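As a starting point, one isolated chain is supplied in C-alpha cells, in the form predicted alone.
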Amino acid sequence: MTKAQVLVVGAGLAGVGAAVELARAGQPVLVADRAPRAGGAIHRQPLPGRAAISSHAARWDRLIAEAQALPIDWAFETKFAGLDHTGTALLSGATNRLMRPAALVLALGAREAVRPRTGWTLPNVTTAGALQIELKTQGLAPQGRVLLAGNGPLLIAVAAQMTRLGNPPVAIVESAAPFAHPLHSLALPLSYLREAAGYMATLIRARVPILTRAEVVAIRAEGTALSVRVETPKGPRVFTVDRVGLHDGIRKNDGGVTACAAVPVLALGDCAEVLGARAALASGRAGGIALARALTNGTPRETVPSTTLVRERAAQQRLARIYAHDAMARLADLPGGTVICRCEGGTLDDLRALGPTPRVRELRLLGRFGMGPCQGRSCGEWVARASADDPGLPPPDTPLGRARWPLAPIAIADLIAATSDTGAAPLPSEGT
C-alpha cells in the first residue's frame, strides 16, 4: 500500500525546511505553493532572464540544494483551497487534486497589515510588500515617483532596495519614532544592526527623507498622479507621486485552517508566530523532525526548545517597542465614508450603523464584513477595533469568525478536474 504524503503548503524557508527533514526521515512529501518557483516572500525568485536581488542568497541556495537531493514532490502555481472534516485537502490551479494527506504542514508565512486611510483603495496605492514582490520578480525598482508610508522596518528595507536599483522613494513616512530609542536598538542582535546600518547608509547617501511621527491622512487622485497629504510634527506636507506603498506591520497567517481530528495539522514559521526569516528555517526544520517522529512511531510532537527561536522572539518584541505608536487613534478619526472592507466596499458608516459592539453574526450577515474573497483576513482586525468598546485592546485571532471552505476562491472547472486519491468516489464530470 502506498504511504500517504505529508502535504506542506508554502515553499519558503519554513516549508522547505520542514519538507527536507520529513523526506530525510523517509516520509513522502508534497510541497504546494502559489508561486511558479520555491522561495517564499524572503527568497522570491526573479522571472527568467532577470537578476536575483534576494539577500542571504547563500542560505537559500544551501537549503534548496538539500531539497533537490531528496525525493520531494512539488506543485507550483497551485492554491491550497482547504481541509474538510474528513481530512481531505483540495489543491487547485496547475495541480487539481483531492488528497488525504498523512499530515498537513502550514508554512504560509506572514500577511501584511494595512490600516485603512482616506484614498487607500485608489489605483496605484498598494502595499509596500507588493512593491517588494515586483522588485524581486522583475529585478527592477518600481517605476515613477513612489512614497512609502506606514509603520515598521520593512519600509526601510524596501526603500533601500529601491535605491540600490536606481529609483529611491520620494520619502518614507513613518508613524512611530524609531530613532528615538537608541538603547533599545543597540540591544538588538548584531545581525539586525548590521542589516539596518547597510540600509540606512544607502538611504543617507541618496538623501531619502524619513519623516517620523508622521501620518498619511489622505490620498487623492489628481489626473494620473496621486496627491498625498501627510501630517508631521512640523505641520502638514503634500507629496505628488505616481505610486504609494502602505505597510502597517505583519501578522501571522494560518490561512483560516482549523484543527482537524482526522489529520494532524502543524503551523510553522511566520504562519504560527511572526519571528522573521532567521527563525522561519529553524522552526521548519524542528517541526519537520518532530512531525516525522510522530508519524513514524506515534511519539507526540514536542515543542523543540531552540535558542534561535528564543533569541528572535526577544528581538521581535524589542522591535515592537521601537516601532510602537497609537494607530487606533487614527482609525477613530477617519471620515465615515472611508472604506474599511475592500472586498465588499463596506465603510465606517456601514459599520457604525450596526450599533455598538455588534456580534460577529451581525457584522457578517448585516454588514457584509468578512464575506468577500479575503474572508476577513485583511479587514477583520480593523473592523474589530473600530467596533469595540476599547479599540486599544488587541482583537481576537479570528475577529470575524473562522474562514469558510474553500479558503481561497477557486474555479468550478478546477474542482471538476480534480483527481481524487482519497479512496472516495471521483467527482462527477460534465454530462454524468
Partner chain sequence: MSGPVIYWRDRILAFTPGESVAHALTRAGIAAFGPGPVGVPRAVFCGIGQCQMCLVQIDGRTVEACLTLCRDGLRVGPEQEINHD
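Numbering follows the first chain given and starts at 1. If you're wondering where the values come from, they're calculated on a predicted model, not measured in any experiment.
In what follows, reference is made to the form predicted together with the partner chain, a form of this protein that is not presented.
Partner contact region in the model of the complex: 135-143, out of 135-143, 211-219, 176-184, 280-288, criterion any non-hydrogen atom within 4.5 Å of the partner chain. With a 4.5 Å cutoff on heavy atoms, E195 does not count as touching the partner chain in the model of the complex; it lies far away. Among heavy atoms of G337, none comes within 4.5 Å of the partner chain in the model of the complex. The closest heavy atom approach of E344 to the partner chain in the model of the complex falls within 4.5 Å. Under a 4.5 angstroms non-hydrogen atom cutoff, the partner chain in the model of the complex has E77 among its neighbouring residues. Contact annotation for the candidate site: H43, H56 and R205 all lie away from the partner chain in the model of the complex (no heavy atom within 4.5 Å). None of Q161, S227, T126, T95 but one reaches within 4.5 angstroms of the partner chain in the model of the complex through a heavy atom, and that residue is T126. Using a 4.5 Å cut-off on any heavy atom, the residues of 242-281 that reach the partner chain in the model of the complex are, in sequence order, R243, N253.
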